[in-house]
Each structure stands twice: as structure tokens, then as C-alpha cells.
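Here you get one chain, nothing else, as C-alpha cells; it is the form predicted on its own.
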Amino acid sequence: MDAGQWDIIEGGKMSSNNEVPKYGLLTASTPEEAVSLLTQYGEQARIMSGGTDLLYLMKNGVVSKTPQYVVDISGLPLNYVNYSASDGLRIGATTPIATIASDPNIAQYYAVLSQAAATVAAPQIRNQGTAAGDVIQDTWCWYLRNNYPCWQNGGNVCYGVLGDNRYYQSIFGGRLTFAVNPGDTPVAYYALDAEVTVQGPGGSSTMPISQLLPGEAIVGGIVKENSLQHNEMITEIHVPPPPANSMSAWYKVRARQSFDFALASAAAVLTFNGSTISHASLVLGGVDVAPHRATAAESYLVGNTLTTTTIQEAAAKAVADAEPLTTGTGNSFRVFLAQGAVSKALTLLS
């Protein structure tokens, strides 16, 4: 199908009660063409490559997430992993998560990313889901996923604050939304100081991943966890070369060992001068509206060696500023899970 043309797709039966609604399918041959189509069709168009998240939202009829047109970018030449000692790591936006988990260079030089990718959902999702998709997927708060009129679905309330907030709401506070960032690889990218390349109407630009995932952004009147405009798309993720004498590790706590999101996770990247830590990057996942950098714990680790005592102290400092919800069901138990995840990640490096 040529770009700019569209067909009506009859949604396949996804469950006994839900169907994917009809939508117009558009194909793009270049990132510039994809952006042009997104601009042409406005807020009613969304990018799709792996589609594991978008089709789920459409099947459940989530109003603000269900487009009339889908721009298919799966055929673009953005499926690659390139590594060099001088430039670091470059991952194309449509690269399957499974490729990230199995790439030997990522495993050798960026262990935390390889390990995080290997814990994303289940093998079927890792084979189909993409690098960019895991970074910018929508929250999995069950109020959004069940089409409640929350801030992220065009409404003006966060149901998670007063309702069931055990698993999908922040333990570090929030503002309009308390829904946690659900990704695994974004936590590793945060710890590795990654940046993303974004294609938009004005051309290509680069931003730190912390700017892409600020925790809360209002785009088109909808509260989002990423700052992309409706006519922008990620084309590449760049991770700088690892410092000499650095090590990294990942640990994830989840209710089920397969196909489940983090109740808490931790990405640790440490650089050593002998046995002394000279630089520390420690980021928590599944506990805040964005990957949560544990700055107090990072500062404490620098100048110390990894002992049982320093690990326990760093883990305590990582959650010292937690503000778990006490209304609704409450979620204070996840503070202890987050502390444990930090302790486990650091122990793996000791």
C-alpha cells in the first residue's frame, strides 16, 4: 500500500467481549513520511510498529488512545543494534526487545540493559515489542486501561489516589497523575545516561531520555508520561560508551516471574577506582511517574566500597524520600520492595 492511502481494517476478535475497532492503515517508507502522515491526520493518527500496547488499548476502547488511523513504521530501516568503543551503542526504534536482550555487545558492555530487556513481559512480547515502544508505552494503571475518564484519558481526576493503588501508582508522589512509568528498559537507559533521536516536522533532534520521560507532560490536552507531540517519533536510542572500570546490574521484583510489570526495580551502574566507587548511577523503576534517580544513595556510594553495610545504607537512602499512598488500598509495602531491589542490584556488583 502506498503511503497516504488507507484501507479499513476489520479488527480481529481479541476476546469474547472486545474487538479492535476499524481503523485506517497508512504505511510510511521513511521517518519523514511517517511524520508527514501524523501531521496530516492530526490527533486521530498514531504510530505502530510492534503494536503490542496500541492494539491492547484499542481493543479495550480506551477513548483517548484509540486512533482512526494507524501509521505503520514496521518496514522502516530502524531495526538495528550498532556498537563501537568510540561511539557507544545505537539502537534503532523498531529493534525487537528480544534482540536487545540477546545482543552480545550489550550483554558485555551494558549488562544492566541486557538484563532489563530480558525481564520485559514474556518471550512473545519481547519478540514483537520494540525498543521505542517499551520506552514510550502508556501507563498500565487499570483505571486508564478500563477506560475511566482519568487525566490520561481526557478527564480531570486520578482515580488511583483514592482507589486501588497497590500496583500501578507512585510511592514517590505525583501531581495530576500518580500512575507509574511501566517500562523496564527506560530505567536502564536512565542509569546509562542515554539520549533519544526524535523525528518531527522540523527535522531530527536529540534529547536526554530524562527530557523525553519527565513524568508528566500535557500534550494535546492529555496528560502523558512522555513529551512527544502527536507528530513526532523516536528513530534511535544512543547510549554513550561505558566508562572504564564500570559495572552494572539490574534487579526486578514482580508478582509473577513471567509477563508481569515491576512492583519495584533497580538499575545500578558503578565506576570503580580500585575497590572504591568513583561514580554511581542508581535508578528505580515501577515506583514513580518517571524512572526515579536515587540521588542521595548515589552521593553516599561515591567514595565508599561495596560492603554489606554500605549496600544496606544505600538501599535505605534510595527510599528515604518515599511518599507512599495511604488513601484507598495504600501501597506502602512497595517501599520495602524498592529498598530490597536496590540491595539486590548492588549485591550483584559486590
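Quick caveat: nothing in here was measured; it's all calculated off a predicted structure. Numbers follow the displayed sequence, beginning with 1.
This next part talks about the form predicted together with a small molecule, which is not shown.
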query: The small molecule: the contacting residue among Phe261, Tyr148, Tyr109, Tyr83 in the predicted complex [heavy atom, 4.5 Å]; finding: Phe261
query: Selected contact from Ala249, Ala121, Ala280, Val239, since only one has a non-hydrogen atom within 4.5 angstroms of the small molecule in the predicted complex; finding: Ala121
query: Option from 215-223, 155-163, 269-277, 112-120 whose residues, in the predicted complex, bring a heavy atom within 4.5 Å of the small molecule; finding: 112-120
query: Contact flag, Asp53 vs the small molecule in the predicted complex, heavy atom cut 4.5 Å; finding: yes
query: Partner proximity in the predicted complex: Ala132 to the small molecule, non-hydrogen atom cutoff 4.5 Å; finding: yes
query: 4.5 angstroms heavy atom contact with the small molecule in the predicted complex for Pro182; finding: yes
query: 4.5 angstroms heavy atom contact with the small molecule in the predicted complex for Glu232; finding: yes
query: Check all three, Leu284, Val319 and Lys344, heavy atom within 4.5 Å of the small molecule in the predicted complex; finding: no
